[in-house]
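In the block that follows, a single chain appears as structure tokens, in the form predicted alone.
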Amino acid sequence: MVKLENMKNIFLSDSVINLDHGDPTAYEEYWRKIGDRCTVTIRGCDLMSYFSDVNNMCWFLEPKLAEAIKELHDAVGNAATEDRYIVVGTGSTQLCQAAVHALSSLAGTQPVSVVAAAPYYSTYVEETTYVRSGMYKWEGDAWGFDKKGPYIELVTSPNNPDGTIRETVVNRPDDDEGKVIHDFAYYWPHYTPITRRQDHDIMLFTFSKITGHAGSRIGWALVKDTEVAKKMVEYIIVNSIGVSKESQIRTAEILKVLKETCKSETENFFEYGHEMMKNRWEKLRGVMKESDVFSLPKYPEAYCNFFGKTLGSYPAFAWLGTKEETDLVNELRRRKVMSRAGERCGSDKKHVRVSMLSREDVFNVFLERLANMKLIKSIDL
């Protein structure tokens, strides 16, 4: 009789693997080992009201979640939380839309230009064009943006898709019309060294990319300005009348465990995630050395304040490229590997974004298929 695990491997060896999305299933094993410590019991009579805290501007934010967010940022040292409003959203996608709406509505002149430096997160385009709002307009690549008037720059650091550390690109002397939204979805120790405590007007974070719990659909924004926070809350009220309390309570419990174990020698999630990502990137670069197909970026090492030592970066996505004019997304598709086309990220056909956050067996099949591809000579950027 064929063993179940062998049958699974046989199935995977000939199946299409989808590495286009960033579904973070790679962390399942860690949370399985944690067991019932994050289990939450919700009775039928619990959490029935729309309201969580009527004294809070963001009245649908559960106090337990607000406390857990502050404690985790304090433990990791990646973002300032004092003198800020916490706005909870259904993932950072909703929060980004809320922030763009808030800044646009306060700009005075409309439509407000929205830009991001290429290669950029492809969903930014969808978020700013889908509803065809007259308040703002997607203007594309920030590197070449020189249009007069108010604008919003979206800065993702570490960047999605290429993993680089980003700052603002649109710099105009004595210009007070530009606003910035900082997306720090991947500014956590398992992806990149924590070199400083970020302190910006609007900072976005998402539960999914920290712990892997994408299904809970929870994100939060740390916002300095009162009026911006009010407008963001108004947007979420109109859009979804708040955020699921069940998801917030579960998130609070998991963040609490994350904070409690982040200094543990045996249960530190960030240590676990860092070692896993490092191992995967070493395997991928090993394939690159033996391959004549792809290029990969190099990332400088930096001192990580959280781990207390110099470390490299191990992004959640691999930004694969080729030297020749090759439609890389189709080349991979022919090998039954789904990836995100570079063109969707403001780049070109020679680049694709590939998720590094799949389950281990899927990742290993991906490496096998890469190793068997023959296109061009590999070179590190």
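Numbers for residues come from their place in the sequence shown, where the first is 1. Because the structure is predicted, anything quoted here is derived from the model rather than measured.
If you look for the form predicted together with another copy of the chain, you will not find it shown, but the lines that follow are about it.
Please identify the residue among 235, 184, 191, 151 with any heavy atom within 4.5 Å of another copy of the chain in the predicted complex. Partner contact (heavy atom, 4.5 Å) among the options: 235.
Among 177, 127, 271, 139, which has at least one heavy atom within 4.5 Å of another copy of the chain in the predicted complex? Of 177, 127, 271, 139, the residue with a heavy atom within 4.5 Å of another copy of the chain in the predicted complex is 127.
Would you say all of 164, 283 and 364 touch another copy of the chain in the predicted complex, counting a heavy atom within 4.5 Å as a touch? The answer is no: none of the three residues contacts the partner (heavy atom, 4.5 Å cut-off).
Contact between residue 242 and another copy of the chain in the predicted complex at 4.5 Å, heavy atoms? Result yes; residue 242 sits at the interface with another copy of the chain in the predicted complex.
Does another copy of the chain get within 4.5 angstroms of any non-hydrogen atom of residue 39 in the predicted complex? It does: once another copy of the chain is placed as it appears in the predicted complex, residue 39 has a heavy atom within 4.5 Å of it.
Please determine whether residue 144 contacts another copy of the chain in the predicted complex, using a 4.5 Å cut-off between heavy atoms. No, residue 144 sits far enough from another copy of the chain in the predicted complex that none of its heavy atoms falls within 4.5 Å.
Is it the case that residue 247, even though its partner is missing from this view, gets within 4.5 Å of another copy of the chain in the predicted complex, heavy atoms only? Taking the distances in the predicted complex, the answer for residue 247 is yes, it comes within 4.5 Å of another copy of the chain.
If contact means any heavy atom within 4.5 Å, which of 308 to 316, 42 to 50, 66 to 74, 331 to 339 contacts another copy of the chain in the predicted complex? Among the candidates, contact is made by 42 to 50.
Sequence-ordered residues of 210 to 237 touching another copy of the chain in the predicted complex, heavy atom within 4.5 Å: 211, 212, 213, 214, 215, 216, 217, 235, in sequence order.
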